[in-house]
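Read the single chain below, which is given as structure tokens and is the form predicted on its own.
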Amino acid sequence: MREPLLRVDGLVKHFKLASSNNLIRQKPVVRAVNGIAFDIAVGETLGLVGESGCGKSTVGRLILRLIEPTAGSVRFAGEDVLAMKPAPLRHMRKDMQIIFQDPHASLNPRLTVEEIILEPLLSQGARPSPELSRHAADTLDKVGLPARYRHRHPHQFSGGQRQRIGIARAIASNPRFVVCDEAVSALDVSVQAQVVNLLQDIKDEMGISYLFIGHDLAVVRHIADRIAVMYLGRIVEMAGTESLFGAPLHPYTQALMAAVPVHHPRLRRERSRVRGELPSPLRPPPGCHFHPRCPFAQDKCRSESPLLRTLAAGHEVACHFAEEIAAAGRNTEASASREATDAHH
């Protein structure tokens, strides 16, 4: 079996908060990421979805060591990223890049577009030259912007164009892996599809692997080969894209799917019966973190944390009663289909 390009195992990140009470010795801890694991193959896109605050963006930054993990391991192309000293880590960064969510805040307003695009190469020791300038022009062309724009500054562009510049910066060093951290969520809906298609074209042309972080399931479905669903720092379900959308097994995933708007007013969908709001990562519920909001929760869910286990080929879920929930869902669908057939006749 071929070794994956990226392997994440037992990744944990706890943030200690400053306490206003000096009498409290133990500082409060935010459990942002709580022991997640996944692989990404060469040329594969893994979508990472979940509610705001579930830890998605923290995962991307941990993989790139933009922040240091509390525990776990990250291996890229067989190398232990977390054990690397500064010099080899700097060298590896040309193969591991990131596209940030906000195309305005992530671009230095003092630099020209060419300087922004070439910044990763210059940090690796490249020297300014006519060849490097031509490379910047070629990279702009790859993201659909004219070469003449390379002498302008970020404030002269629209949001969608700025994000294309951010993509150009990310691919300028010919990386093998790119974290797309909510890369289209700040863009207009009309521009989102263009940027997602651009990312797909770049992936096909350059063979890049993506970790595509997002909360819009329709967007993630368009680009991802597999999808991992996060809830309060844990992965609760992971499967191939069509398998996940065709038969979601975790109640939280089912709730996310039910919340996606349908394209026609007559195609109504039964809303999931999820209760309440996302709990605080300062005090996550015991057992299954989702049990206070889950309509299927039982006593076991309140005391025992479910492990991510395989229920079908390539389909993993962290739920004690996933089989029973899946069977109930199939029965409901069959009943609804019979009722629709009877109404039609």
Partner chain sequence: MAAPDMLDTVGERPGALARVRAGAAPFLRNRAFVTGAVLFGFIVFATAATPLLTDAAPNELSIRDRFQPPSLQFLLGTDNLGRDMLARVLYGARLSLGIGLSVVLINALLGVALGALAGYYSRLDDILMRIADALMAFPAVLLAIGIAAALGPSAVTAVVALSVVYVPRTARVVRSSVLVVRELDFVQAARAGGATDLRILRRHVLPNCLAPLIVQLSFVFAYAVLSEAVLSFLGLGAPPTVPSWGILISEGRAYLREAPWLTIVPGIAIAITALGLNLLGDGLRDVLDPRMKVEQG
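Positions refer to the first chain, counted from 1. Just so you know, these numbers come straight off a predicted model, no measurement behind them.
There is another form of the same protein, the form predicted together with the partner chain; it is not shown, and what comes next is about it.
Partner contact region in the predicted complex: 86 to 94, out of 227 to 235, 201 to 209, 69 to 77, 86 to 94, criterion any non-hydrogen atom within 4.5 Å of the partner chain. With the partner omitted from this view, the residue of 150, 135, 176, 142 that lies near the partner chain in the predicted complex is 150 [heavy atom within 4.5 Å]. Checking 184, 81, 165, 98 against the partner chain in the predicted complex, a heavy atom within 4.5 Å turns up for just one residue: 98. Remark: residue 254 does not count among the residues lining the partner chain in the predicted complex, judged by a heavy atom distance of 4.5 Å or less. The partner chain is not shown here, and in the predicted complex it never comes within 4.5 Å of any heavy atom of residue 240. Though the partner is left out of this view, residue 246 does not reach within 4.5 Å of the partner chain in the predicted complex, counting heavy atoms only. Residue contact check for residue 31: none of its heavy atoms lie within 4.5 Å of the partner chain in the predicted complex. In the predicted complex, 111, 115, 119, 120, 122, 123, 124 are the residues of 111 to 140 with at least one heavy atom within 4.5 Å of the partner chain, listed from first to last.
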